[in-house]
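Just one chain is shown here, as structure tokens, and it is the form predicted on its own.
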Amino acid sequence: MSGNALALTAVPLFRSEAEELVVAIPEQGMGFPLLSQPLERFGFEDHGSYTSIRVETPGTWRWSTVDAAFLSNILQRLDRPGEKLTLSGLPAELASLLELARATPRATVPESGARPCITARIGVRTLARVAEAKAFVNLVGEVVLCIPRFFLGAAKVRRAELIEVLADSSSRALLIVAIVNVLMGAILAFVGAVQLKAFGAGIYVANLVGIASVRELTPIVTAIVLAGRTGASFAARIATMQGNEEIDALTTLGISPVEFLVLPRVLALSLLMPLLYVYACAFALLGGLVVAMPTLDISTTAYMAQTQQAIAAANFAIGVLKALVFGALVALVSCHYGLRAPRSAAGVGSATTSAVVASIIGVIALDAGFAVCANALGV
């Protein structure tokens, strides 16, 4: 702070005349050093009985935003709710600026009240989940309406985008799908061998691995792998576009985000999941074979013949149907959370996490529904 500024801080700028507060502006104005000082240092006293403020200005004074901020601070200290002090002695431009500032409501910090009761919290969460479910159903409906346009060649989909999504949903996932399913088949064979060997029924390990893999575990495990790999990628990419306002730009250009972004991902994952399922089944059976041969001393021919005899065509049909539905579910859930992500970096992470968790839960819940239906139909 300069010497002049330090000297000015000792000069009283306020005086009271009955119910009027008089503010004397220095020759050179307030300046930033003085603006940072508390008003009491200049002789300010808030008695609460002022009805007007009169500003005395020097003849050569030219006001600046610093002076406006200083006077605005005084008004904030003295204005009472429901009544405003009259202001005089200022240039018309400065007076208009201060009136505009006084008309703007002050930002208030909400008071932290008592925590809502558990019933209210449950109600709020329930309403949020209902709104989430409604938005998801709307998304499914929009995708279904866009499918005919896609196959007629009228959908607004970039070919490069479609090829990228197809690669991300198939060839780039082959290695992880193979590793997970080989290990799953090996674990099933090892657990079955330990139990069945005691009864002299080791050959039935092929039945256990074949039926469990083809009908239940392979579609579930493959869907979970794709939910954590491909689904998370879908959610993160769309959430990033949402944060960068690219989704809004598409809407402004008259392009449906559902048709441009969601439709190719849903179709790609739905159509390629059955192929990945067949691929994963081969590796699951291979994993069982690798463990059963040395553990139970079973030949490759005997193991494959027993597997072929155990697995019925209905098991493959159920597995393919599950893979188709699981693929569509993972893509829809991932895109849904991506489109509804908050516009921030943290929103991308929360959308990705929610997409993966919801996809896994949805896959398991749907598989339970398939099991109930298959049991009712006697398949």
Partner chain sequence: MRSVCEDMNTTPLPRIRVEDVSLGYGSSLVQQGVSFDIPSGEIFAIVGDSGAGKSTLLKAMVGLIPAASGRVLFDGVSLDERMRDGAPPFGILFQNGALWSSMTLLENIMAPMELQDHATPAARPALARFKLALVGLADDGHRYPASLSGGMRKRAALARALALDQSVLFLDEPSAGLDPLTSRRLDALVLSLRDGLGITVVLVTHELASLYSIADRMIFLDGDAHRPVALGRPAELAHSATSEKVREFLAVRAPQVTAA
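Numbering follows the first chain given and starts at 1. None of these values were measured; they are calculated from a predicted model.
This protein has a second form, the form predicted in complex with its partner chain, left out of what is shown; the following refers to that one.
- In short, of 243-251, 197-205, 298-306, 282-290 it is 243-251 that has heavy atoms within 4.5 Å of its partner chain in the predicted bound form.
- The three marked residues, Ala328, Tyr337 and Arg340, fail to reach its partner chain in the predicted bound form, with no heavy atom of any inside 4.5 Å.
- Put simply, of Arg229, Arg172, Lys84, Arg158 only one has a heavy atom within 4.5 Å of its partner chain in the predicted bound form, and it is Arg158.
- Residue-level contacts in the predicted bound form: of Ala167, Leu145, Val278, Ile255, one residue has a heavy atom within 4.5 Å of its partner chain, and it is Ile255.
- Contact annotation: Arg237 falls within 4.5 Å of its partner chain in the predicted bound form, judged by heavy atom distances.
- Its partner chain is not drawn, but in the predicted bound form it has a heavy atom within 4.5 Å of Phe260.
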